[in-house]
Ligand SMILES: Cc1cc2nc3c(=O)[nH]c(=O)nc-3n(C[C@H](O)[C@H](O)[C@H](O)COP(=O)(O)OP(=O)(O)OC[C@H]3O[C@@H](n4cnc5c(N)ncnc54)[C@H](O)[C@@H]3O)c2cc1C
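Just one chain follows, in the form predicted alone, and it is written as structure tokens.
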Amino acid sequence: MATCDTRLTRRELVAEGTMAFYFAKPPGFRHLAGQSLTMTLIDPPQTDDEGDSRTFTIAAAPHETDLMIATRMRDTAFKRVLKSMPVGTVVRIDGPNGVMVLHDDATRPAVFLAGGIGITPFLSIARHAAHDQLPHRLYLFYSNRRPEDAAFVEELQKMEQVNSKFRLIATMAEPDKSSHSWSGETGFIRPDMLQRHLPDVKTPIYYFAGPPAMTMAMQTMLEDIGVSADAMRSEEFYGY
């Protein structure tokens, strides 16, 4: 873990209300897929009570040349500065941190349960698995309200063609409120959904990330179907 400076290289809209920000990877910076960093704005033009630092998952895979983060764009001073600062602006990062990384035992599938922007650690892991041709079977259950809210969903759909061991099960809780048609799963991630798409619900290692209420619901659901505590990994996203 180390502190260093980096600069913004570009930004893009990746879903309605969600943006991705790309930063140059500092020399010597190494991270594992799924890890995070803490970012601090340097002398920002505005601030508020939430402060000038935030923790973000590194959504880019380790082999990529930039460090990419993605976040929901709430109306805070930090987000306003992040959205408007010029390309080339320098920020300070501390990391990598976190243990939300893929397990070593490839005989046990990995099941990722993502809600909203909680997709970021699993995007990094999925990109890494495809690039390095990892032997793990990966199942990603990705829940959003509407298709337009689902960041990176098109990339993840195409990833099934690149990595035969990867499977995406996207589900929309409110597809009727969308301007896009949706023919996939609907509702929240549920036990019956897992049972229909997984060969065995008790063998995998489960990873879940999203808003606190969602992660608590996932933990309770997994406990109810008999998944042991040592087969669960979780991370909460508070909307920062």
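Since the model is a prediction, treat every value here as computed from it, not as a measurement. Numbering starts at 1 and runs along the sequence shown.
Just so it is clear, the following notes concern the form predicted in complex with this ligand, a form of the same protein that is not shown.
Annotated contact segment (heavy atom within 4.5 Å of this ligand in the predicted bound form): 209 to 217, selected among 194 to 202, 209 to 217, 24 to 32, 38 to 46.
Proximity of residue 145 to this ligand in the predicted bound form: non-hydrogen atoms within 4.5 Å are present. This ligand is not drawn, but in the predicted bound form it has a heavy atom within 4.5 Å of residue 188. Within this chain, residue 167 is remote from the site of this ligand in the predicted bound form, having no heavy atom within 4.5 Å. Although the partner is absent here, residue 100 lies within 4.5 Å of this ligand in the predicted bound form, judged by heavy atoms. Contact annotation: of the candidates 83, 74, 92, 131, the single residue with a non-hydrogen atom within 4.5 angstroms of this ligand in the predicted bound form is 74.
Shown without its partner, the chain has 115, 116, 117, 118, 120, 121, 143 in segment 114 to 143 as residues with a non-hydrogen atom within 4.5 angstroms of this ligand in the predicted bound form.
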